[in-house]
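Below you'll find only one chain, the form predicted alone, shown as structure tokens.
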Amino acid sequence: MKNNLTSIAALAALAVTAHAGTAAADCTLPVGVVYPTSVDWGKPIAETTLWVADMINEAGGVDGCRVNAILRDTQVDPRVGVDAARALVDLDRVQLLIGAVASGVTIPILTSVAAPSGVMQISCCSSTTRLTEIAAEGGANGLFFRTFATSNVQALVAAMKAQEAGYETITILYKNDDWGQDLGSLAAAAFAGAGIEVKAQIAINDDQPSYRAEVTQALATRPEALYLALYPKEGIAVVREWISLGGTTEFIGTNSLKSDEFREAVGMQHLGNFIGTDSSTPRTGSATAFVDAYTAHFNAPPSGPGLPNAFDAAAISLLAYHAAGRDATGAQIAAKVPMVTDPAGEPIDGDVAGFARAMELLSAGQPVSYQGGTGAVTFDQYGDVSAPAVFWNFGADGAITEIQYITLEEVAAFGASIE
């Protein structure tokens, strides 16, 4: 993929260029972006977000003001993420935070920074159902949205694939954070419902010098397959240890392992039977248009995790900011999200012309139906979305390759069949 930014420092320092006319140059609105640019799969997510902000500026800016997207690296670390978000809110005075990726980072940002400060937060890629619970309990204050489906989708289709493969036993290795705990629990229930015995659920902590004890524990269960709810860093160490000790190479992994780093470090000779899961975009014209536009802009197709979701999170939140006005609070921005995603509104494309048309209609008090990389986005009362799913693998040349698409209806039907 073309890398528009030559270093992490340059990426973090980038303020979106103003392409708009005089109106957008008269004022500037700071918007916080908190994504993990220090990991290989996080940089494209950040770049996609900055690209959207650039297009919004070209379309006229938010209520005539140039968007200054201030990017901070979360390092997939809750403490770093919270510090970054707090600086954006306290020092840069942002009313909108776009991010984060890991649920274990998104949750503390929401509960300790965004919600208490009255700042809207929208995430591209956090899937834990704990976020739904927080919203249902009133802890989000109506300020949180996400464009990525909950972990339940990946858990269900993992069980679907295990059942199709004829596995009778499986062991779960999960990252010991909010995301991993949630997904590991949901996957265990889905596997059990599909008639597959879960031999063990083993937590993997960050930054251990060795995972020999955890891998030895997993090996003792003698599973036919491993389910990996891990990020690349821990995934590499664990899978290498597993293989070195003679473990099976039958793997089902989450979208977090859609990583060149993971593929290269483990080696394709060990990943021939690896099957990945992910939520997916619907097969719609707008989703295809996103792929085409992304490919033209970055000189490569969007193959990493969360890219269409990041595009839509940025577009929806910035259009809602426009509808609320340049002096809007976070709560006022959040209140305009339904106006941007109204199924009864005029369909709006995710490009400069579409953004300009949306701004015209929103300024006139008319709703629009934004349709972008993940289709016609709508949120429920907790800020959640639904989505279809895909199976993927590392193809013959190592490239991430989709091997099967599962519709939203098929996901729901399988879930109902195993309840």
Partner chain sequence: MIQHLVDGILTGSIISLGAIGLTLIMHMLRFANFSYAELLGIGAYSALVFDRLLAALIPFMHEKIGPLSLTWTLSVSVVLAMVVTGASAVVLDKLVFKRIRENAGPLSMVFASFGVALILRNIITLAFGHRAQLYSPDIAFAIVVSFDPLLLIKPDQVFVLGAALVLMLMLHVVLTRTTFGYSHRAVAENPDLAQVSGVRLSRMVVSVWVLGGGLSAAAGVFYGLTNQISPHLGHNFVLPVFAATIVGGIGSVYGAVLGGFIVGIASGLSLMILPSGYTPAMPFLIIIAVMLLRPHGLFGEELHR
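Numbering follows the first chain given and starts at 1. Computed from a predicted structure; not experimentally measured.
The same protein has a further form, the form predicted together with the partner chain, not shown here; the description that follows concerns it.
Asks: When the contact criterion is heavy atoms within 4.5 Å, does Gln208 count as touching the partner chain in the predicted bound form?
Replies: Because a heavy atom of Gln208 falls inside 4.5 Å of the partner chain in the predicted bound form, the answer is yes.
Asks: Taking 4.5 angstroms as the cut-off for heavy atoms, does His270 touch the partner chain in the predicted bound form?
Replies: Within the cut-off, so yes.
Asks: Indicate whether the partner chain has at least one heavy atom within 4.5 Å of a heavy atom of Ala203 in the predicted bound form.
Replies: Yes, contact at 4.5 Å.
Asks: Is Ala115 one of the residues lying within 4.5 Å of the partner chain in the predicted bound form, judged by heavy atom distances?
Replies: Because no heavy atom of Ala115 falls inside 4.5 Å of the partner chain in the predicted bound form, the answer is no.
Asks: Give me the residue from Ala344, Ala136, Leu245, Ala296 that has a heavy atom within 4.5 Å of the partner chain in the predicted bound form.
Replies: Here the answer is residue option Leu245.
Asks: Could you check which residue among Ala165, Ala192, Ala300, Leu219 gets a heavy atom within 4.5 Å of the partner chain in the predicted bound form?
Replies: When the partner chain is considered in the predicted bound form, the option within 4.5 Å is Leu219.
Asks: Specify the contacting stretch among 306-314, 230-238, 276-284, 118-126, defined as having any heavy atom within 4.5 Å of the partner chain in the predicted bound form.
Replies: Careful reading of the contacts points to 230-238.
Asks: So which bits of 112-130 sit within 4.5 Å of the partner chain in the predicted bound form, heavy atoms only?
Replies: If the 4.5 Å heavy-atom criterion is applied to the partner chain in the predicted bound form, 112-130 yields nothing.
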